[in-house]
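Take a look at this single chain, the form predicted on its own, given in structure tokens.
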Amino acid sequence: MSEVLTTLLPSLVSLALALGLALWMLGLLARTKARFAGRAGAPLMQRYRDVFKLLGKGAVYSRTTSAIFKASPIVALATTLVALSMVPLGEVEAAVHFDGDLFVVAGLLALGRFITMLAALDTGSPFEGMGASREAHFGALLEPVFLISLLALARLTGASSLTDMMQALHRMDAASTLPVVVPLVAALGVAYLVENSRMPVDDPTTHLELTMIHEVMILDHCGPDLAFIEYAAALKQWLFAALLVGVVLPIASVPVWASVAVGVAGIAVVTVAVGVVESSMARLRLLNVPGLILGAGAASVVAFLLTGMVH
């Protein structure tokens, strides 16, 4: 029993850190953007206060909505939690890992997006329907990019589990894998921005319904439902940041707890980098977003093809 606990403890701790620090990551992102704007910014713990405040409020439902609308926040949070449990942090194994888990992660993220779009359509609001349409459009373009990127990583490492992929990648020669890693990081970076509705794809701070994507789909949610959605969004950003850190940072042959610390530090660096991108770029026109996603798709295909040269 002690050996099993010793093996599982780092995985459980890394998952607990994700659950506990995901909202802090959003606070760090907001603080980075505020500093670029010349402001002090909100406290790093402000997101926790916002979520707990929402949890203490009641929920109001429109008469036009059905059980789909009420269930969507819980389903979105559950799918994100399960997907996050399959993503490793550095050298630490994911809490849940098995052959082919990359397809399950992609499927769970797609399911969370689908239920959110259904809830937006369930309200009968033309604005939320417009946001759902945009989300469906960009999601249909992004999912192949994300899958091809993961398949390129699988082909490069010869593994079919995200945990095994990351551990194998960290033990490969960095110089030989660089031609694959560079386009792979570019593709996953765009996937991070699109999947999480960040700039330059979407402006999460805007209040103009005509330009919003994710935020307009959750306009009718309030109270605990909105808290679940906000927390799920934070966990999803941690998930994509963990994938980027795993691909970029060669953290092999280090103690397991040092790997956890390096992984968390890497996620903080990715968060700050996203804040820099959001502070230095304007939001793209909606008609130009598919071009950005297709460019990421080209990078993922290049990475997949170059894996043959590494071997």
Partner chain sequence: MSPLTLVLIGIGLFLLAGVLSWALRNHGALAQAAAGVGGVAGALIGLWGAGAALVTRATYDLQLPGSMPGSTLHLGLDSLSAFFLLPVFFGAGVATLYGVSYLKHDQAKRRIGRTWFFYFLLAASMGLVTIARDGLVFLIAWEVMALSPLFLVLFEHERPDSRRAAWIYMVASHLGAACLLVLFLLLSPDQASLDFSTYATSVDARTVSPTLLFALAVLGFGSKAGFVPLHVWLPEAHPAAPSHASALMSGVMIKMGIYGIVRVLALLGTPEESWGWALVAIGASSGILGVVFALAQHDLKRLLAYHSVENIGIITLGLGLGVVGWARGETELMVLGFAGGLLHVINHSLFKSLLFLGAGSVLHSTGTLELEKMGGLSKRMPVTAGTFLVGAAAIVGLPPLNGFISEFLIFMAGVAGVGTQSASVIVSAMVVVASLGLIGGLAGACFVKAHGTVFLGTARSDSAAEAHEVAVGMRFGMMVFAIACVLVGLGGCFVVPLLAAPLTVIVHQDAALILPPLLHAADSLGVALTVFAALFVVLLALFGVRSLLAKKQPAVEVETWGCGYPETTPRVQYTASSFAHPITRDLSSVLRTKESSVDLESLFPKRGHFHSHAPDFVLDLWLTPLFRRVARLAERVRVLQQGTVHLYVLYIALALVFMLMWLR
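Positions refer to the first chain, counted from 1. Values in this document were obtained by computation on a predicted structure and should not be read as measured data.
One more form of this protein, predicted together with its partner chain, exists but is not displayed; see below.
At a distance threshold of 4.5 angstroms between non-hydrogen atoms, Lys70 is in contact with its partner chain in the predicted complex. Interface membership of Pro43, defined by any non-hydrogen atom within 4.5 Å of its partner chain in the predicted complex, is ruled out.
Contact annotation for Val194: none of its heavy atoms lies within 4.5 Å of its partner chain in the predicted complex.
Using a 4.5 Å cutoff between non-hydrogen atoms, Asp122 counts as a contact of its partner chain in the predicted complex.
No residue of the trio Gly189, Val260 and Gly295 has any heavy atom within 4.5 Å of its partner chain in the predicted complex. Stretch-level contact check against its partner chain in the predicted complex with heavy atoms at 4.5 Å: of 166-174, 237-245, 179-187, 123-131, the positive one is 123-131. Checked against its partner chain in the predicted complex, the candidates Val276, Ala265, Ala37, Leu55 yield a single residue with a heavy atom inside 4.5 Å, and that residue is Leu55. Contacts between stretch 98-126 and its partner chain, counted in the predicted complex as any heavy atom lying within 4.5 Å, involve Phe98, Asp99, Gly100, Phe103, Val104, Gly107, Leu108, Ala110, Leu111, Phe114, Met117, Leu118, Leu121, Asp122, Thr123, Gly124, Ser125, Pro126, listed in sequence order.
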